[in-house]
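First, one chain by itself: the form predicted on its own, in structure tokens.
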Amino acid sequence: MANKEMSVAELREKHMAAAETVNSLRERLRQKRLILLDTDVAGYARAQGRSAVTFGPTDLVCCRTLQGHTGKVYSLDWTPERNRIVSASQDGRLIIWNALTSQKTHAIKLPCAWVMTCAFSPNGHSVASGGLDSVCSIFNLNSPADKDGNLPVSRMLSGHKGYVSCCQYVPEEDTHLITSSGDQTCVLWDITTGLRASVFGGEFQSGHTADVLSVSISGMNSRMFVSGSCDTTARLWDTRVASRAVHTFHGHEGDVNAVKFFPDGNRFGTGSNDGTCRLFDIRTGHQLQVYQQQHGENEASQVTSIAFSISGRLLFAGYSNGDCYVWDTLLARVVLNLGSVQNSHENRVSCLGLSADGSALCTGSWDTNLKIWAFGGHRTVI
């Protein structure tokens, strides 16, 4: 018995020593990378004489407020044809909106009211949602309503052991989607069969070590996706190699709440509880830029959600204090704060998304409303 106790103690000691070695090597690697990165995107752009985007309060104006939810709005998504939006709320409903008229076309009562995420299918005929029931539910918008007027669930994707935090359909595929979960994994689902095609993370050492909060699939290569987690990292995955992440990206000092691929597919952005957004390169693994608020003595507001403009020149970031910054990604400057203009939200901006053609931004908030912001005046879509 004494020998067993000794062996356990020895194993624990060896494990602690190995963990210290790993942390030491990781810090040395971080320092080496800092030496190699003698500049960032903004520093290089300034050295090249590039000027910031000029952006005024009339260049992005609130043209519609979508009212109908009775609880906090947690998630939203646009259809590819840009004229419809789905939103998910604490009131336990998904609402499908006509973005051009503000009319509601569907109000779907969810089997579990604790919803956290929603997404439109590429063809716009279905929506997916997930939340604290650990299930991703699919609704066919063309299905007839039941006798109580509710839209039935057409497919339930069950398999996660924790809440479903985010879901996204694979671009141009209505039969596959990827979910992230509080069980530290992401899953690629075959909606036709309702089965898991691949699981990313979990028992594998290269997976996340805490809740996964967000995913983004590359628009240039749908086999690649990134995930953000409470373990402060973002990870790049290839759906053909589920056993280990292609790369792990360090830098944040808080939960990574949002990830979004850059339009060219070679970079991606992140938003975190540490109050910063960051830009990473998937080819080199390097951090290219930090987007940080100037916030005096007050603690930085958490970044809840991000989106890029069509060209990637603008980064839209929603914050827990109700701000919504428009960043110039090249020079890392805030060119507009939608939280300070007329008709802004009165609470946390919890989600946002750009229409497929880049002509409008939609923001959702804990104030129960969604707002559509249109590029106005002489401004063309950037």
Partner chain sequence: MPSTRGSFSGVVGEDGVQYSFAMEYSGPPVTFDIPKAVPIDVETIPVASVVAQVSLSDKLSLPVVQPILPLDNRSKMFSKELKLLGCEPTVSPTSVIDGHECVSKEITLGSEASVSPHSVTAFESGVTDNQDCVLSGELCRLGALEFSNGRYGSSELLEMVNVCQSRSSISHGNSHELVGGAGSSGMFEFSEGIGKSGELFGSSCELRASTDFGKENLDANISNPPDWASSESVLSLDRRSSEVSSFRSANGKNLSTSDFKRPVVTFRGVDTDSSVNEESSIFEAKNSGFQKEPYNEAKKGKGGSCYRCSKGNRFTEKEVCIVCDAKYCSNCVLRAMGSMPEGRKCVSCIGFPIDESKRGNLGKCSRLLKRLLNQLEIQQIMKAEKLCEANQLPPEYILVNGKPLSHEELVILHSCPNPPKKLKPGNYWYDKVSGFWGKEGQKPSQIISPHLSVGGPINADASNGNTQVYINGREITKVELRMLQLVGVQCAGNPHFWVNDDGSYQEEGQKNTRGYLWGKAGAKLVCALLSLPIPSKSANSCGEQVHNLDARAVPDYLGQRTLQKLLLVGHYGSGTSTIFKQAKILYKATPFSYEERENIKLKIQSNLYNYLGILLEGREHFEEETLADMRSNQSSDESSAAITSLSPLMTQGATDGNFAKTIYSIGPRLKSFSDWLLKAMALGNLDAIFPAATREYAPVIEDLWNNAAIQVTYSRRNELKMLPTVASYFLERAADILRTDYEPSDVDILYAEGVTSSNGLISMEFSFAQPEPDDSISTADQHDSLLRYQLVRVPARGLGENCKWLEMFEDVRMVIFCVALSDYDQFCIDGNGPPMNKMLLSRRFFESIITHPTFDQMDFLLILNKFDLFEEKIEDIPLSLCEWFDDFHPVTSRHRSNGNSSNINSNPTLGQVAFHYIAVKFKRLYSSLTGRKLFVSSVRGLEPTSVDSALKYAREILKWDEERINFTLSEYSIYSTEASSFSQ
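Small disclaimer: the values here were computed from a predicted structure and weren't measured. Numbering follows the first chain given and starts at 1.
Below: the form predicted in complex with the partner chain, not depicted.
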| task | Answer yes or no: in the predicted bound form, does the partner chain come within 4.5 Å of a heavy atom in every one of Met224, Gly285 and Asn321? | result | no
| query | Pick from 306 to 314, 72 to 80, 187 to 195, 285 to 293: which stretch has a heavy atom within 4.5 Å of the partner chain in the predicted bound form? | reply | 72 to 80
| query | Ala234, Ile85, Leu213, Cys136: which sits within 4.5 Å of the partner chain in the predicted bound form by any heavy atom? | reply | Leu213
| task | Scan Thr65, Thr39, Thr58, Ser340 and let me know which has any heavy atom within 4.5 Å of the partner chain in the predicted bound form. | result | Thr65
| Interface membership of Gly162, the partner chain in the predicted bound form, 4.5 Å heavy atom rule | yes
| request: Mark Ser243 yes when one of its heavy atoms lies within 4.5 Å of a heavy atom of the partner chain in the predicted bound form, and no otherwise. | output: no
| Is Thr175 a contact residue for the partner chain in the predicted bound form, using a 4.5 Å heavy atom cut-off? | no
| query | Heavy atom to heavy atom, is Cys112 within 4.5 Å of the partner chain in the predicted bound form? | reply | yes
| field | Interface residues of 263 to 279 toward the partner chain, as seen in the predicted bound form [heavy atoms, 4.5 Å] | value | Asn273
